[in-house]
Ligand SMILES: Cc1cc2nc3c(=O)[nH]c(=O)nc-3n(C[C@H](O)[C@H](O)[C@H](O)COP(=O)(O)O)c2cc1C
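Only one chain is shown below, in structure tokens, and it's the form predicted alone.
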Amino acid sequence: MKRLLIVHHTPSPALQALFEAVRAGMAAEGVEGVEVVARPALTASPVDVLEADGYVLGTPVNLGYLSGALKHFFDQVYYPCLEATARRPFAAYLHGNNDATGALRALESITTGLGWRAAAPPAVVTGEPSRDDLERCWELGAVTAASLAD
């Protein structure tokens, strides 16, 4: 069975809604053989990353950048996981009140450095999540899980 790791920092109701939509998408009909494991960004470890076959990253955008919690996660796992996780799929959802350009640039730089490959385009949500935003997050979860399915 493949393992899909969700690493998230979920400090707000908006991010909780996005997290739940992504997780629901991972359980979509027809996606089989994928175990979903969720870890808060401040507690996710290199072992969690090494044991997973793919990743979904969820973060608020704070001051135009990734949350400190997700940055801390990357600081902890970067070198221990650098070679062993190359070419694994990942996806991301981000929530902010306005521009997420800096956060997207940082995420691309870090995941490129790790050698991870995007399974889906990032879902960027600003303001209160709409029905379309939640559907996009559901699709992100479904597509990422399907990329690992047996």
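Residue indices: 1-based, along the sequence shown. Not measured: the values here are computed from a predicted model.
The same protein also exists as the form predicted in complex with the ligand; that form is not shown, yet it is the one meant from here on.
Student: Residue 99 near the ligand in the predicted bound form, any heavy atom under 4.5 Å?
Tutor: Yes, residue 99 sits close enough to the ligand in the predicted bound form that at least one of its heavy atoms falls within 4.5 Å.
Student: Spell out, yes or no, whether the shortest heavy atom distance between residue 15 and the ligand in the predicted bound form is within 4.5 Å.
Tutor: Yes, residue 15 lies within 4.5 Å of the ligand in the predicted bound form.
Student: Report yes if any heavy atom of residue 64 sits within 4.5 Å of a heavy atom of the ligand in the predicted bound form; otherwise report no.
Tutor: Residue 64 belongs to the contact set for the ligand.
Student: Does residue 54 make contact with the ligand in the predicted bound form, using a 4.5 Å heavy atom cut-off?
Tutor: Residue-level check for residue 54: no, no contact with the ligand.
Student: Can you check 91-99, 31-39, 105-113, 45-53 and let me know which stretch has heavy atoms within 4.5 Å of the ligand in the predicted bound form?
Tutor: The contacting stretch here is 91-99.
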